[in-house]
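Only one chain is included here, represented as structure tokens and corresponding to the form predicted alone.
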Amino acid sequence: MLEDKVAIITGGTRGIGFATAKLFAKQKAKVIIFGSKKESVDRALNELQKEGLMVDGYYPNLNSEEEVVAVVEKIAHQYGHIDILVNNAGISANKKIEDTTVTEFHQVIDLNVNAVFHVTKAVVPYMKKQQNGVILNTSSMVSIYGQAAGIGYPTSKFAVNGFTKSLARELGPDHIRVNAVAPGVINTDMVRALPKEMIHPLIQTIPLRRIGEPEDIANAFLFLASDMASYITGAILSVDGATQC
């Protein structure tokens, strides 16, 4: 479905990003993952290469415009084009507002919002030159309903939704589609760390009676990245087992 497409995936070393990188590579895309540090990128690349998947990787500081621009330029020069960007890198938060420091709040906004801006801005000129491209963002179910603590996280995801919808309108004339996926409760490291007595009641609140897998979100990204979604832009696709209904 993505043969010969060049795809950059931020936060691609684990969880949803890793599952998306693996699926895109299996669908014949040329995948480049971004991670937070060399060790995590090398570990992810080794895992993917063991499965016969050739994926490249970098670890720029996503809040450094200079580093991001330099890496994106290198990728564009090496591959000749950039077709897909998945802005997936992010961090969560769960403290009450009175316990949250200014630094902690800014850390969430920096990675979940500002980094999305930096990488997207670096990629857009290449997509405009091609008059074609797909930008996908990881939102969250809390971008619609909020959450009871960790105010920075839902704030950042509300921002991602606004970024997605507005950029879809801006870039539509250049044949660049912009969408987001809003995952529900997903079986990532953070959820697996929760005690079983918390997980079971949580599952009972989900109409499908299970938590999602990273592959569920990767499948949604694949659909939106493919030509099957050629007339879909500005959408926030909920993948949450009907948690939000």
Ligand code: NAD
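If you superpose the two forms and keep the largest set of C-alpha atoms that fall within 1.5 Å, you have the rigid core. Note that the structure is a prediction, hence the values are computed from the model and not measured. Numbers follow the displayed sequence, beginning with 1.
Omitted here: the form predicted in complex with this ligand. The next part is about that form.
Candidate stretches 71 to 79, 122 to 130, 151 to 159, 170 to 178 - the one whose heavy atoms come within 4.5 Å of this ligand in the predicted complex: Selected stretch: 151 to 159.
Selected contact from Met198, Leu208, Met190, Met54, since only one has a non-hydrogen atom within 4.5 angstroms of this ligand in the predicted complex: The option sitting close enough to the partner is Met190.
This ligand contact at Leu45 in the predicted complex, heavy atom, 4.5 Å: Leu45: no, not in contact with this ligand in the predicted complex.
4.5 angstroms heavy atom contact with this ligand in the predicted complex for Leu136: Answer no; every heavy atom of Leu136 is more than 4.5 Å from this ligand in the predicted complex.
Distance check, Ala89 to this ligand in the predicted complex, heavy atom within 4.5 Å: Looking in the predicted complex, residue contacts with this ligand include Ala89, since a heavy atom lies within 4.5 Å.
is_contact(Ala225, this ligand) in the predicted complex, heavy atom dist at most 4.5 Å: Contact check for Ala225: no, nothing within 4.5 Å of this ligand in the predicted complex.
Any residue of 217 to 238 that, in the predicted complex, places a heavy atom within 4.5 Å of this ligand: Heavy-atom contacts to this ligand in the predicted complex: nothing from 217 to 238.
Ala70: Cα shift of 2 Å or greater between the shown form and the other one (core-aligned): No, because once the rigid core is superposed, the C-alpha of Ala70 moves less than 2 Å between the shown form and the other one.
Flag for Leu208, CA shift 2 Å or larger between the shown form and the other one after aligning core: No: Leu208 shifts by under 2 Å between the shown form and the other one.
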